[in-house]
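Take a look at this single chain in structure tokens; it is the form predicted on its own.
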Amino acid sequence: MQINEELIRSVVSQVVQEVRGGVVPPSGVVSPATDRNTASSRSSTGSGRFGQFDCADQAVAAARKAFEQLRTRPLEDRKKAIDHIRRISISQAVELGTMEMNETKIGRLEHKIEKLKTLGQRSPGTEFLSTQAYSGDRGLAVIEHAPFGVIGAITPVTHSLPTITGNAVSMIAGGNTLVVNPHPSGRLVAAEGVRRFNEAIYDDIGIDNLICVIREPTLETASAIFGHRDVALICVTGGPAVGRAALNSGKRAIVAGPGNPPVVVDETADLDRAARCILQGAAYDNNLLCIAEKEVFVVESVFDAMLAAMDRAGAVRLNRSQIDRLTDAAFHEVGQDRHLAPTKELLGQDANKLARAAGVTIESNRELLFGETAETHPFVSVEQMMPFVPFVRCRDIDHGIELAQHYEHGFRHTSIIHSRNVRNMTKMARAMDTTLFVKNGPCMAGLGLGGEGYLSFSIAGPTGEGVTTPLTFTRERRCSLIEDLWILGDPTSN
């Protein structure tokens, strides 16, 4: 895709100004929103309209009101609502993706755009809802999937609007409404995307605030959402601290926990294919995906050949001293226990910026750095979210799986293997017990990007729901009719 980034950034800077302060673009600057005659509604949209709220209590109250309206409407109205979310996410992906890139300043622009388009296209909707029926001598039982009501959602800076897009499609398909407390560093694009979704939905079906967003999110607003009596369910896509808070809220929580996905490469693997897949997955959005390849364990007999395959694939190899320099810049100590965490200066940044920190100059189109490290290296043990991948030598497949299991830290999130040996695949799958297990492909294939299946950016590992669908956000209800509507027999004859 060829993108005129300078033009798009100029347009989006005007939109960001409008979102911040209700400023109308100067004469001669026409954004897509202005062209749709929505600039006036945007600049006049205050708290309480089209999902824009400053107060968590008011947001929950509005979402509850919207839910009471939605529950009386036919399923077709849910379809109409999510069709607008899909349409906007796809048709306005360049503008909204660029806005997210400008605001968060992490990741890659082309992937911000692609995520919005793909989630608009592939997020599961009302087609996932199905009714089960059991009939017999005792009558008829029907099981349907009912909404919870208002769902409180926490979204990450790594995929601010894409996560809202996917969650909103599935949650509304299930008949729910939602209140979003976005990451503060992605709040502007979250608010603008939600405004556009709600405005289109309101114009069509006459219900406002199916999606409500806190415009100035804080820990206090998140806590207020967690504790609100009208919030029936919590969905968290974020770091471990907010996940723990959700699990301690006293409500049912669907939590996407941390990940540190390992890759194992055995002696039977197609090394060039493995290299291309590792580059594709680990470089995607500068390694911000929680499912992305973070560390690679390669059996000794093919280790050097695997590094050569990475060279051929287009990744840039760093030597030991360069890796040491990069490590000093990439990690710092945090918390009372002084554990290592990635620095904000390099998190989600392009490979050429990491290369400069390592003392190397590379071409701007290179997307991934790699190099050999010891298994105890911080790049192996810490979920670092940067386009550098450490490679570790292993004695054999059993040693590789052992190290992968150890450095995945028991999160049971995602693991990957490159092998032609089915027994090795099976052995690793059983040992890792991860929510996603990818064989001979990039990490995204586990979400349906280049693999089969539906797509969501909320992957509930700790709470067990897996890749979320509309069914994740519904309650089972059973309706039983006794001794009637069993039309194939006559129980009175017994």
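All figures in this text were calculated on a predicted structure; none of them were measured in a lab. Residue indices: 1-based, along the sequence shown.
Form predicted together with nicotinamide-adenine-dinucleotide: not shown, discussed below.
**Student:** Using a 4.5 Å cut on heavy atoms, which of Arg122, Arg356, Arg317, His183 is close to nicotinamide-adenine-dinucleotide in the model of the complex?
**Tutor:** Going through each option in turn, the one that passes is His183.
**Student:** Though nicotinamide-adenine-dinucleotide is not shown, can you say which of Ala256, Val179, Ile85, Ala282 has a heavy atom within 4.5 Å of it in the model of the complex?
**Tutor:** The residue from Ala256, Val179, Ile85, Ala282 that makes the contact is Ala256.
**Student:** The chain here is shown without nicotinamide-adenine-dinucleotide. Which stretch in 205 to 213, 364 to 372, 256 to 264, 187 to 195 comes within 4.5 angstroms of it in the model of the complex, by heavy atom distance?
**Tutor:** Going by heavy atoms within 4.5 Å, the stretch is 256 to 264.
**Student:** Within 4.5 Å of nicotinamide-adenine-dinucleotide in the model of the complex: all of Leu219, Met385 and Ser458, by heavy atom?
**Tutor:** Yes: Leu219, Met385 and Ser458 each sit within 4.5 Å of nicotinamide-adenine-dinucleotide in the model of the complex.
**Student:** Wondering, does His418 line up within 4.5 Å of nicotinamide-adenine-dinucleotide in the model of the complex on heavy atoms?
**Tutor:** Answer no; every heavy atom of His418 is more than 4.5 Å from nicotinamide-adenine-dinucleotide in the model of the complex.
**Student:** Does any part of Thr155 reach within 4.5 Å of nicotinamide-adenine-dinucleotide in the model of the complex? Heavy atoms only, please.
**Tutor:** It does: once nicotinamide-adenine-dinucleotide is placed as it appears in the model of the complex, Thr155 has a heavy atom within 4.5 Å of it.
**Student:** With heavy atoms only and a cut-off of 4.5 Å, decide whether His413 touches nicotinamide-adenine-dinucleotide in the model of the complex.
**Tutor:** Although nicotinamide-adenine-dinucleotide is absent here, His413 would touch it in the model of the complex, with heavy atoms inside 4.5 Å.
**Student:** Taking nicotinamide-adenine-dinucleotide as it sits in the model of the complex, is Val298 in contact with it (heavy atom to heavy atom, 4.5 Å or less)?
**Tutor:** No, Val298 sits far enough from nicotinamide-adenine-dinucleotide in the model of the complex that none of its heavy atoms falls within 4.5 Å.
**Student:** Suppose contact means any heavy atom within 4.5 Å; which members of 224 to 252 contact nicotinamide-adenine-dinucleotide in the model of the complex?
**Tutor:** The stretch touches the partner through Phe226, Thr237, Gly238, Gly239, Ala241, Val242, Ala245.
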